[in-house]
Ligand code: RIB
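Single chain ahead, written as structure tokens, the form predicted on its own.
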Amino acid sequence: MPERILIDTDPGIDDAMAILLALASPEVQVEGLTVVFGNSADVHLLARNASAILELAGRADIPVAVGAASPLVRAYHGRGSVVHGENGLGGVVLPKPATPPVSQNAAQFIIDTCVANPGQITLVTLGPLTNIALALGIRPDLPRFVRRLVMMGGAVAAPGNVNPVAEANVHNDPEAARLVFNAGWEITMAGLDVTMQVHMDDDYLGGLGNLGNRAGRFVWDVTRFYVAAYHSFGYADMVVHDSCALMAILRPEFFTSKFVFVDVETTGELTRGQTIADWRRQYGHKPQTHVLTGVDEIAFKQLYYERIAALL
């Protein structure tokens, strides 16, 4: 049976690529998309992106729920538009979606879906963890109903992409991230330690664009802005973040990992948002997080290509 997943996302470019991978994969069944601020400060814009991506793939039946528009305790100071463009999709304009979001807010949608299906739903988080933290505030026992949580976020050994030690999703709401890491569920963490190992150059992306389907063409179009942003940062190619979280579900054998307790720095003047792995158990807590440390990049890209080719 496919693993039932609920994707919490801030649909920018890499989120869109990950959502398409999920929709193309028989190993998972997408139960819904919940939307959080992150790659844009406009959560309603991101919700439109989510619905538009679903309709692009012919899956308007999947519900979308709008969630948090700001972090738990501080103002949002992210710079998502630098990487994702003002509309979150690199300036690519998709048709206005015909299906509106559901009336429930994202936190309640997460609770209702998981509680109604105890032990069956995997939460996949691709943005700041604010919606999950808000759900925990309502139902602290939520982890009892969740199969596991698979996240794109954090960095334990790799350099940060917001400050020297912090990754953007965690840094955008470290208080929420700390609540999530300490909530009592099993976590798989696809952080910068592994996501920076998957590169896509224009030859590969051009192959996707020439598949002859609209999903492949969309990936090519939407990555034009993304690739240019990475070039401006000094990288030869773009790297693939959010799809790593999905691929860890589809093909765990592609990855190496270490099981360790992870916590989040929320007050450090220079280290706010840092995810800290307690390799020596100096904090005295049991491990709760499978930190992905390596990946078979060739196998990853081959399967991604095959899955996008299978879409409309």
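For clarity, every value in this text was computed on a predicted model and none was experimentally measured. All residue numbers are counted from 1 along the displayed sequence.
As for the form predicted together with the named molecule, it is not shown, yet the points below apply to it.
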Open item on the list: Even though the partner isn't displayed, in the predicted bound form is D242 close enough to the named molecule, meaning a heavy atom within 4.5 Å?
Closed with: yes
Task: the named molecule contact in the predicted bound form: V124, any heavy atom under 4.5 Å - done: no
Open item on the list: At 4.5 Å between heavy atoms, is N169 in contact with the named molecule in the predicted bound form?
Closed with: yes
Task: M152, heavy atom within 4.5 angstroms of the named molecule in the predicted bound form - done: yes
- [ ] Please determine, with the chain shown alone, which of 175-183, 107-115, 234-242, 210-218 has non-hydrogen atoms within 4.5 Å of the named molecule in the predicted bound form.
- [x] 234-242
Open item on the list: Only one of T188, N161, N87, Q197 gets a heavy atom within 4.5 Å of the named molecule in the predicted bound form. Which one?
Closed with: N161
Task: Those residues of 14-40 which, in the predicted bound form, come within 4.5 Å of the named molecule by heavy atom - done: D14, D15, N39
